[in-house]
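Shown below, as structure tokens, is a lone chain in the form predicted on its own; questions about how it binds or moves come after it.
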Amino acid sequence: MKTNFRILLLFAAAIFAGNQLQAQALTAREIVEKMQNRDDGDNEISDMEMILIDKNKKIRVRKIRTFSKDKGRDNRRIMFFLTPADVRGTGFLTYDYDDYGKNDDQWLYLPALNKVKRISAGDKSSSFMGSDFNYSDMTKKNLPDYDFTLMKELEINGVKVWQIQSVPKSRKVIKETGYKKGVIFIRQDNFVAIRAIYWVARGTRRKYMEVKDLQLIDGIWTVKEIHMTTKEGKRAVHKTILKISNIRYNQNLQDNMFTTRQLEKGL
């Protein structure tokens, strides 16, 4: 029995060492690729609460319903604002393409204008519906546009992470995304980004992203609460909290749900 127990311990140690070596062998680019390509669910319906907090602590709350579907390796997502009255009926549609050579498509429907507006590359650095997220935050990074550097490994809340710096390769990318540099913290056990710092292209502001609630739902690591805070030095000038609830995967979502016509039609 003792011999068998020692063999089991050695076997477990060998697996652990192998996993550690595999993790160490990954480049910064490979880690980010694994983060972007991890299983994040398909045919999903969820409810979202967007909480906007200004520098005077004034709070505005918006409620949203979101639908997303994988189309091959591409992702399509449509969002409808439900409340309050001033944004009710607003819709947002994204086609997030896996092909790095193809620009992602985004459309915004404003009921007051009764018009679908295509979000141009020059507009993607703008704030998304008054939040601390911009339109470029709503899709995955085009990895060939960045240089990635593995800075170090550390622990956050007892979990091992990689700290990786991303720097745009051109002024064009900086202009389109609104960021001149980023540092992201990616968990080593599941490749989820749980923290990030972004240097805003204009001025001296930085944005701080932090995942506050991460849960395993139907075998998929799912972010349920995320904060994005814009700071000028140490002073917070605005903050956005996203709380996601009623998350359901593997729903029966048809392709015609993800069209500009559906944006105009609404829920």
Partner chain sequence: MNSLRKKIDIAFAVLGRFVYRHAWLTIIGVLLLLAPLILQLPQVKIDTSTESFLHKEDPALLAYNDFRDQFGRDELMILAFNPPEVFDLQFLIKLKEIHERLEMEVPYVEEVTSLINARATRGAEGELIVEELMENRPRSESELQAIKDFVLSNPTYKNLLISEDGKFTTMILKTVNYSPANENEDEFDFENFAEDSSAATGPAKREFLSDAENSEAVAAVTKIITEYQNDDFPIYFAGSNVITDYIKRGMQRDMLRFIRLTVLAIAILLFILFRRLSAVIWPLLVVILSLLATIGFMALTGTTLKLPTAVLPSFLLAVGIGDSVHILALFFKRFNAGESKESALISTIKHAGLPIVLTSLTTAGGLLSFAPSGIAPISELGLFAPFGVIIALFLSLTLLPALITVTRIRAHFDKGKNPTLRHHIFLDELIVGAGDLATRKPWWVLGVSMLLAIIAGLGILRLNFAHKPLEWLPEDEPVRISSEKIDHALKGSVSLEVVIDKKQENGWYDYEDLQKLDSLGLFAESLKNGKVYFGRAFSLADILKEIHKALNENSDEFYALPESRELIAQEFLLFENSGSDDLEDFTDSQFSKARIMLKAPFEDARSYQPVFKALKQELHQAFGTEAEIKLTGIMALFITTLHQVMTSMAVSYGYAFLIITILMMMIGHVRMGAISMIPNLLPILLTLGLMGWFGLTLDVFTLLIGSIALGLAVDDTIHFMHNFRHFYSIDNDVARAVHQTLEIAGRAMLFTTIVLTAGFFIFMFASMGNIFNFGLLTGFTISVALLADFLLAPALMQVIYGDKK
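The shown structure was predicted, so the numbers you read here are calculated from the model rather than taken from an experiment. We call the rigid core the largest set of C-alpha positions that still match within 1.5 Å between the two forms. Positions refer to the first chain, counted from 1.
Keep in mind that the form predicted in complex with the partner chain is missing from the display, and what follows is about it.
Undergrad: Answer for residue 231 alone: is it within 4.5 Å of the partner chain in the predicted bound form, judged on heavy atom distances?
TA: Judged by the heavy-atom cut-off of 4.5 Å, residue 231 is in contact with the partner chain in the predicted bound form.
Undergrad: Though only this chain appears here, would residue 170 touch the partner chain in the predicted bound form if you measure heavy atom gaps against 4.5 Å?
TA: No, residue 170 sits far enough from the partner chain in the predicted bound form that none of its heavy atoms falls within 4.5 Å.
Undergrad: Hey, in the predicted bound form, is residue 213 touching the partner chain, heavy atoms inside 4.5 Å?
TA: No, residue 213 stays farther than 4.5 Å from the partner chain in the predicted bound form.
Undergrad: Taking the shortest heavy atom distance, is residue 199 within 4.5 Å of the partner chain in the predicted bound form?
TA: Contact with the partner chain, yes.
Undergrad: Hey, of 214 to 222, 52 to 60, 66 to 74, 34 to 42, which bit sits against the partner chain in the predicted bound form at 4.5 Å between non-hydrogen atoms?
TA: Among the listed stretches, the partner-contacting one is 52 to 60.
Undergrad: Considering non-hydrogen atoms and a 4.5 Å limit, which listed residue (116, 138, 193, 159) is close to the partner chain in the predicted bound form?
TA: The residue in contact is 116.
Undergrad: My question is whether residue 148 is one of the residues whose C-alpha shifts by 2 Å or more between the shown form and the other one, given a fit on the rigid core.
TA: Residue 148: C-alpha displaced by less than 2 Å between the shown form and the other one.
Undergrad: Relative to the superposed rigid core, does the CA atom of residue 106 travel 2 Å or more between the shown form and the other one?
TA: Yes, the C-alpha position differs by at least 2 Å between the shown form and the other one.
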